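Only one chain is shown below, in structure tokens, and it's the form predicted alone.
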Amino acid sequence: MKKSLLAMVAALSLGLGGGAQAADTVKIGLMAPLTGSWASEGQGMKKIVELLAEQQNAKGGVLGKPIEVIVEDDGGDPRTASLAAQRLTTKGVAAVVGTYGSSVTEASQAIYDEAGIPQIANGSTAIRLTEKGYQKFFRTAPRDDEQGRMAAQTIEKLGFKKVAILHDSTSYAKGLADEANALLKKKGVEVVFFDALTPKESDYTAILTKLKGANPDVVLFTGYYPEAGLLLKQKKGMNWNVPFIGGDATNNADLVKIAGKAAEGFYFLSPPQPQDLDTPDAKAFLADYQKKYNELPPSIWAVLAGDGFRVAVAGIEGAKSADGAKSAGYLHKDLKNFPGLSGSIAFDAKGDREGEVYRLYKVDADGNFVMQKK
């Protein structure tokens, strides 16, 4: 009996010790596509956030406590994302960074809002995400209406008169396609094709044949990089040389791996590539990243996840509290000209990032992404 009692006391004290130890960290969640079609983005997000947490902990963490990063894989799928979000809400996180993909982020928004947890998305540009009134939702990525304006301006500047628009029916791609379509028509540019493909297929020759039949001067594709790479490769196989312009979701090094030499001449819109970030902070961090992982981040979206982490830490520090309402309030009202890796960051009342971010890139003969002069 005494042994049983002692065992119970020992188990209880170990349990209390474990709980106390857990309370001695500030947990920040990361929701990212570690598997699936967008896995390279998710892996880049994880590497950046974990490195930033390591560096922040070397400086004393936040609120005098070390930061613990809690990672959940959303698989780049809305259904998986809702489960990942539910798991993170049970793990005591003070904020969540992520995710990549507007429809995936959208599946998690209400879950985090109901739990009172600030969410800072990094690769989700659909307009409607910040039109719902969630006061704890923020994003370090710009919005599709800004990208739509840039797309229309670029097409006009490059002198194209007849445009085909192809999307994939996701929240992001359809929203950007609609925005660009309306703006191009206002500018007097003829939209000769507007339709969607089905993501994750292996053969797009049928939709490419329809596109070719519309005889456009240029194709604006607003979907993601896996499909863009295949379209470029299969377009070249058809000996169809029409130029393609992609939205910011085509910005990933895997585009060139998929398309090969067919990627040459492809234009896309994006916030600046990691190698084009010019602040001292960004240059120093990217040098640290390259030293640790022997590579650069896969795209700017992983960097924007890093900015989401830095912003989450700034909110907790500024509010002097890990309480979600207090840190979100600080981000809305008091965070101004924050030195992000991708440039200055501030948020408007909706949680959108303020300021112009987009640039035009072109893929050269060696598969490099080259920023075009304004």
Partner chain sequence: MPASGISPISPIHSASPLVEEFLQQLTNGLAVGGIYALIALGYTMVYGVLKLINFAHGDLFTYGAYLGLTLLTSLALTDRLGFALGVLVLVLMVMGLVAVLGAILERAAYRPLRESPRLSAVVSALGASIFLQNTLMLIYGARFQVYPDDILPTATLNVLGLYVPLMRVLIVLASVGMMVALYLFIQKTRIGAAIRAAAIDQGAARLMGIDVNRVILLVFLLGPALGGVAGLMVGLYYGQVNFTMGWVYGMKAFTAAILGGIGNIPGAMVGGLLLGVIEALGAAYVSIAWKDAIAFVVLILILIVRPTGLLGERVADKI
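It should be emphasised that the depicted structure is a prediction, and the values quoted were computed from it without experimental measurement. Positions refer to the first chain, counted from 1.
What follows is about the form predicted in complex with the partner chain, which we do not show.
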{"item": "Listed range touching the partner chain, judged in the predicted bound form by heavy atoms within 4.5 Å, from 206-214, 243-251, 268-276, 145-153", "value": "206-214"}
{"item": "Contact residue in the predicted bound form, from Tyr112, Phe221, Tyr225, Tyr100 (heavy atom within 4.5 Å of the partner chain)", "value": "Tyr225"}
{"item": "Interface membership of Gly329, the partner chain in the predicted bound form, 4.5 Å heavy atom rule", "value": "no"}
{"item": "Distance check, Gly237 to the partner chain in the predicted bound form, heavy atom within 4.5 Å", "value": "yes"}
{"item": "Proximity of Val69 to the partner chain in the predicted bound form, heavy atoms at 4.5 Å", "value": "no"}
{"item": "Contact flag, Lys200 vs the partner chain in the predicted bound form, heavy atom cut 4.5 Å", "value": "yes"}
{"item": "Residues in 260-292 close to the partner chain in the predicted bound form, defined by a heavy atom within 4.5 Å, in order", "value": "Gly260, Lys261"}
{"item": "Closer or farther in the predicted bound form: C-alpha pair Gln273, Leu341 (3 angstroms or more)", "value": "closer"}
